[in-house]
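Here's a solo chain for you in structure tokens, the form predicted on its own.
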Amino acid sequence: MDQALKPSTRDGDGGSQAHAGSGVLTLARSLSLHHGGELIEPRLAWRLAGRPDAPVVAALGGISAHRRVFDVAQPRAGWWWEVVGPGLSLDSEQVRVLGIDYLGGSGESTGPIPGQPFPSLSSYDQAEAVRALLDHLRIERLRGFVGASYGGMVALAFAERYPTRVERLVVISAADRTHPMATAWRTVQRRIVRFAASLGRASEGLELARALAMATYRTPGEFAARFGQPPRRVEGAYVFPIEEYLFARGRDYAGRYRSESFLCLSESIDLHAVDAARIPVPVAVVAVREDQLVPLEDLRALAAKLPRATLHELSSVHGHDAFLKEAHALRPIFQSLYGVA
């Protein structure tokens, strides 16, 4: 089932974004997975929005991201709303922006069903799904593939497997493999979710795991500036400002995402490994010095392995989440996506 790729206001777009298409592609055959197993006729939800005659840029984010990268009518409905859109750093009046719901995620693409087994996914599997989508949409070659966090891993996997299908990459806070310290944090998060699920309280486990994750995304400097106030006394117990923030974010996340999808895609991050030397296209590698999850040294090493790389080092109090916030710093890096022949 697929909506035709034509101007549409079906999903609430307006203005220059009226030229938007979206749909759910069902692959005609099984998808053989990198780590073994297969998905039988998997579905891939997609959305393509922007100036209709512009070149196409794929934009993928963290495991919580989805196909609605930006939305003119409802800006905060887009997961990259501060960075992508008409006149913004990634300008939808210069390019068309392609987004997907990840396989294994909580969107409309094929994902885990509670109580049923689901295979392990690789960044290569997501890349293969994107390749199939490009064939379906008759997009011979992407002008660029912009990936942040998990999306950057998928971008690297795509360029290694299908270098003739993309002109260049922008990879933000993602390396060719995962740092063991980041895996340490995520394995604890997954154990929390699985333990809670064994007690029939998976949503509460996901809330705890997300709260812990937020402490790794941001920086000590940001937390000191925002949450240095003394604790409040609530029903005889002290509640710290940072505690309220972390668990508010955890509750919000647990209300929108399935624990099974979190387990699947969190594991996929830690399984990620590509051969950077086999990626021939130009890659802009964007490193954030304060990022706790993807250390600067790993991104310097990635840039050294890539045959055609430029390294951009940014500083941000937002740490790993800088890609969501640092629109001004990212704007000049995206400029190369507009003028490639």
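All figures in this text were calculated on a predicted structure; none of them were measured in a lab. A residue's number is simply how far along the shown sequence it sits, counting from 1.
If you look for the form predicted together with a further copy of the same chain, you will not find it shown, but the lines that follow are about it.
Between a further copy of the same chain and the residues Asp91, Glu204, Asp176, Asp101, the one pair within 4.5 Å by heavy atoms in the predicted bound form involves Glu204. With the partner removed from view, the residue among Pro86, Pro75, Pro163, Pro220 that has a non-hydrogen atom within 4.5 Å of a further copy of the same chain in the predicted bound form turns out to be Pro220. Picking from 211-219, 109-117, 125-133, 152-160 the stretch near a further copy of the same chain in the predicted bound form, with a 4.5 Å limit on heavy atoms, gives 211-219.
Candidate site formed by Arg194, Leu199 and Leu271: every one of these residues places a non-hydrogen atom within 4.5 angstroms of a further copy of the same chain in the predicted bound form. Residue contact with a further copy of the same chain in the predicted bound form: Arg96 places no heavy atom within 4.5 Å of it. Although the partner is absent here, Gly228 sits close enough that one of its heavy atoms falls within 4.5 Å of a further copy of the same chain in the predicted bound form.
Not displayed here, a further copy of the same chain is approached by Leu246 to within 4.5 Å at the level of heavy atoms in the predicted bound form. Contact annotation: Glu267 falls within 4.5 Å of a further copy of the same chain in the predicted bound form, judged by heavy atom distances. Residues in 44-76 all lack a heavy atom within 4.5 Å of a further copy of the same chain in the predicted bound form.
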